[in-house]
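Next up: just one chain, as structure tokens, the form predicted alone.
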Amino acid sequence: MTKYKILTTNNVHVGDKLPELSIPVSATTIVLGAMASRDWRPMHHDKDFANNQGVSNIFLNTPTQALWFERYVTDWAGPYARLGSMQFQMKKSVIPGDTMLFRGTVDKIETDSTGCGWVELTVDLSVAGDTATSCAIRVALPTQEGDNPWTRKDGQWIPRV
């Protein structure tokens, strides 16, 4: 069994940069994401339909973008990380042939009244140097070895402030 290094609020600091993640986007990436999220709208799988709507190509849907943000954060934060909230703003479509580049920064670290450790992040998804989507994420991390945000229930789990 692989022993993971446990990321805790004690070894994260405001201003820390998350490692970059680069993902090439193909039509298959977009279509599979739409299928997985049960989004049957044709602008996510039919280029002609997208063109008739004034869009150059099919494009990545909202739930699929959310999942890429989640993957980016949990790859960095590890198996005990538990997402509390995510708010993002799409500014530009992500289409086949693009390469998504994810970059993140730690903005705030705190422990709530129940003892749960929280890290607030700003994450940027850029394509060709331009921000396609910006995202604010609040993720629970253990405060120390032996803590696990996934064990928190009811009044001990307050995902939003």
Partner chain sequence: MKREKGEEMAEIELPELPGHVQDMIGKTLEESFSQFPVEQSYVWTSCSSAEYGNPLYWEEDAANEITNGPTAPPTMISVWLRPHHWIPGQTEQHLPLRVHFTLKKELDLPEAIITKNGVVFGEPVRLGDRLMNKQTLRSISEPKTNKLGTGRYWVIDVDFYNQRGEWIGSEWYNCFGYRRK
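Quick caveat: nothing in here was measured; it's all calculated off a predicted structure. Positions refer to the first chain, counted from 1.
Below, we turn to the form predicted together with its partner chain, even though it does not appear here.
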Complete contact of Lys17, Thr99 and Lys108 with its partner chain in the predicted bound form (any heavy atom, 4.5 Å): no
Only one of Ser37, Thr122, Thr131, Ser93 comes within 4.5 Å of its partner chain in the predicted bound form by heavy atoms, so just point that one out. Ser37
Contact of Asn57 with its partner chain in the predicted bound form (heavy atom, 4.5 Å): no
Taking heavy atoms and a 4.5 Å cut-off, does Gly33 contact its partner chain in the predicted bound form? yes
Even though its partner chain is not shown here, does Thr62 get within 4.5 Å of it in the predicted bound form, heavy atoms only? yes
Would Asn148 count as a contact of its partner chain in the predicted bound form, using a 4.5 angstroms cut-off between non-hydrogen atoms? yes
Sequence-ordered residues of 59-78 touching its partner chain in the predicted bound form, heavy atom within 4.5 Å: Thr62, Pro63, Ala66, Leu67, Trp68, Glu70, Arg71, Thr74
